[in-house]
Structures are given as C-alpha cells and as structure tokens.
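Shown next as structure tokens: one chain only, the form predicted alone.
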Amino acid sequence: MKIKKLLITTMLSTLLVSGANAQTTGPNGEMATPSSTVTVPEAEIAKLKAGNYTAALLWHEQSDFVNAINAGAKDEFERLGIKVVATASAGFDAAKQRSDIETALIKNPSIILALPLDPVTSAAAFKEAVEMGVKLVFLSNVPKDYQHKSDYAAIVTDDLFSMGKQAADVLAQAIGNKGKVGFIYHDADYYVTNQRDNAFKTTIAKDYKEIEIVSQQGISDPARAEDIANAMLLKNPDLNGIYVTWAGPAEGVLAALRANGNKHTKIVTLDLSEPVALDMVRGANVVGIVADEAYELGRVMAATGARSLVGLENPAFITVPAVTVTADNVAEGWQRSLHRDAPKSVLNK
C-alpha cells in the first residue's frame, strides 16, 4: 500500500457528487481526462528520437506499486527514444527528495516524473527544475502555488471515486444487495484514501437502499485493525460485510474473523496484497480487491512529459482506470494493475 505515516496533506482533489453520479476532480475543480486519450502521436516520435531527450524518475518510495509505475514509464520512454538518466527513491523523506532533485538536475534531464511529498517543501525543491525548463509531471500531488502549463505539464492519479464505488458494488453483490456492513476508513487528512472511502459510503447510501452501515471506525495505524474489527464484531456479530480502507489493515480484519471462526462476514478492500488475495481465491471472507492500473500511471506520465517536449498541450488532470479483482479474474487483474504475474501462491490457490 502506498500510504505511509508521512502524509501528503494537500487536498489535491475534491469529491463532486451530483445525484447518483460522482467523479474525481482536480485541485481547482478540473474535470478528469482518461489516461487512454493521452498518447504521443506517431508523427512526433521521430522528433523525440532525434532530440536526445532524457528523463529522471524520482519516486517517493520503493514498493510493487512504484515498481509498476517505473516499468510503465521506462517502457514508454524507451519506445520514444528518451533515455532515463536518473532514478531515486526518497523513502517518504522530503529532505531526501530535495537532495534527489538536486542530484538529478546535475544530469540536466528534459523530464522529471515525481510525487511531491510535501506541498511547501516540494515547491522550493522543484523550483530550480522549473527555472531550468524541465518538464515536470506529478503523481497524485502538486507543490504549493504551482500552475499548470507554466510550472508543470500535468498531474496524474487514480480514478479515486471509481475505486470506492467499485468496492461498494462488489461487496453489495456478494451479500445479495442487502444487510448490515461495517466501514473502516482512514482517519487522516490524505486525499487519496479520503476520496476512496467517501466514494464507498456515498455509493452504498445512494445505490443500495437495503444495505445499512451500522458501524464505522477510523484507523490511522494499520496495526490496530484486528482490535478494531474485534470490537466491531462484538457489537455487531451479524455483520454481513466490512469495507476496509486498504489491504494492510484488511489483513488485520481477516485475522479477527479467523480468530472468531467467522466465515460469513465478507470483506472488500483496496490495493493488491498477496495474503488478502490468497483468502479471496480460496473462497473465504474476501470477495474483492479494487486496484489502480499502476503500470498505466507510469506510461501516461512518460507520454505527458514527451508531449510537452514537442509543444503539445496536456490536460491538467489525468486519471487511470480502476480494476476490480476477484477470484475469477485474479490473474488478469494483477496483470492490468501491476503488469506482472500474480504471486504463485495466489495462482495455485
């Protein structure tokens, strides 16, 4: 899971709800542009290959998620003849990220792909890159007071509302569109999880009138998930399902269900996890995992940077699709999200 204790507090996106429709919107209310529409025209590829352009990939962490983004970006850059001259991981340390930027700029990259860790610190950290004319493409966050076009090419993130909605849909289907559910949400000011959690809750309220959220509890420390689930189940032993904000805490909720011999309460969560997926393919408590297309995040970030180099305009706010992974499509879902095979334990059940 790409959430750490160092939280990105900028409220990058807002949740826009109108009737039964809702969508993820950008920091200033920008409508999202699907990533599938953002490509490099064939006519521009020769220019890019002749330009001797370079790129730096300056990520915030090391994880399967980032590895998939990295792979998507590198594959696209290779296709376009753009050489990657620097890669780094800041380990969720804003000071380290600034150092990574300074080190990368020595190599004079044409493009930088990065997730700004802290809006204020990042504004200063990326300032020299802006002044040098480097094309900046940001993942999920934006430095304070930065303006689209003049300071950065685009922001790319998940379709956050769709992730929460799909989680609601798969859980509702698993419990026959009626019953009692628990809601374990991320108790922190972090727009990614906040929007996903709110989307789940909004969808249940609007689309599933016979499903009632009878218990809700915030969580900031994943290690508390088992205790929270035990308390929730003690008060509501007849829960039909539980939504868990991401896969890390979901592992704790699974432990609580197993300890209580509970085989009837279904779980839905977000972001891929081998232990959670293994429970799912065995037909136990987990009924679905909703993930983003991380490889596609990397591809479209690279394409956006390349488009800027040849003078093509980019939408300010770009989102990649969400995919619902179930026991029936786990192999396909893993490939769509991370662009690699699912763990053997999951495939072999």
Partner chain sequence: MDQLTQLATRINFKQYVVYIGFLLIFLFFAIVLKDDGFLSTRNLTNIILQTAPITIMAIGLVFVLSAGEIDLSFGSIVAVSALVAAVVMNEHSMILGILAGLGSGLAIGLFNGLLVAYLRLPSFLVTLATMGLFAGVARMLTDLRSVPVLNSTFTGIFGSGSLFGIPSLIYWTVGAVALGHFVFRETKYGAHVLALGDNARAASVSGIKILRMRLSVLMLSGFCAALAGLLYAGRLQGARYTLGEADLMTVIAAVIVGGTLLTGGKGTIIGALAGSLLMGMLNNGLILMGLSVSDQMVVRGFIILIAVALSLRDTNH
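The model shown is predicted, which means the values in this text are computed figures rather than measured ones. Residue numbers count along the first chain shown, from 1.
Below: the form predicted in complex with the partner chain, not depicted.
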Using a 4.5 Å heavy atom cut-off, are A94, L117 and T121 all in contact with the partner chain in the predicted complex? yes
Which of these residues, A188, I213, L105, A71, gets a heavy atom within 4.5 Å of the partner chain in the predicted complex? L105
The partner chain isn't shown here, but in the predicted complex which of D169, E226, D279, D100 has a heavy atom within 4.5 Å of it? D100
Does at least one non-hydrogen atom of M132 fall within 4.5 angstroms of the partner chain in the predicted complex? yes
I'd like to know if Q173 sits close to the partner chain in the predicted complex, meaning any non-hydrogen atom pair within 4.5 angstroms. no
When the contact criterion is heavy atoms within 4.5 Å, does A86 count as touching the partner chain in the predicted complex? yes
With heavy atoms only and a cut-off of 4.5 Å, decide whether T37 touches the partner chain in the predicted complex. no
Can you say which of 213-221, 161-169, 240-248, 122-130 gets within 4.5 Å of the partner chain in the predicted complex, counting heavy atoms only? 122-130
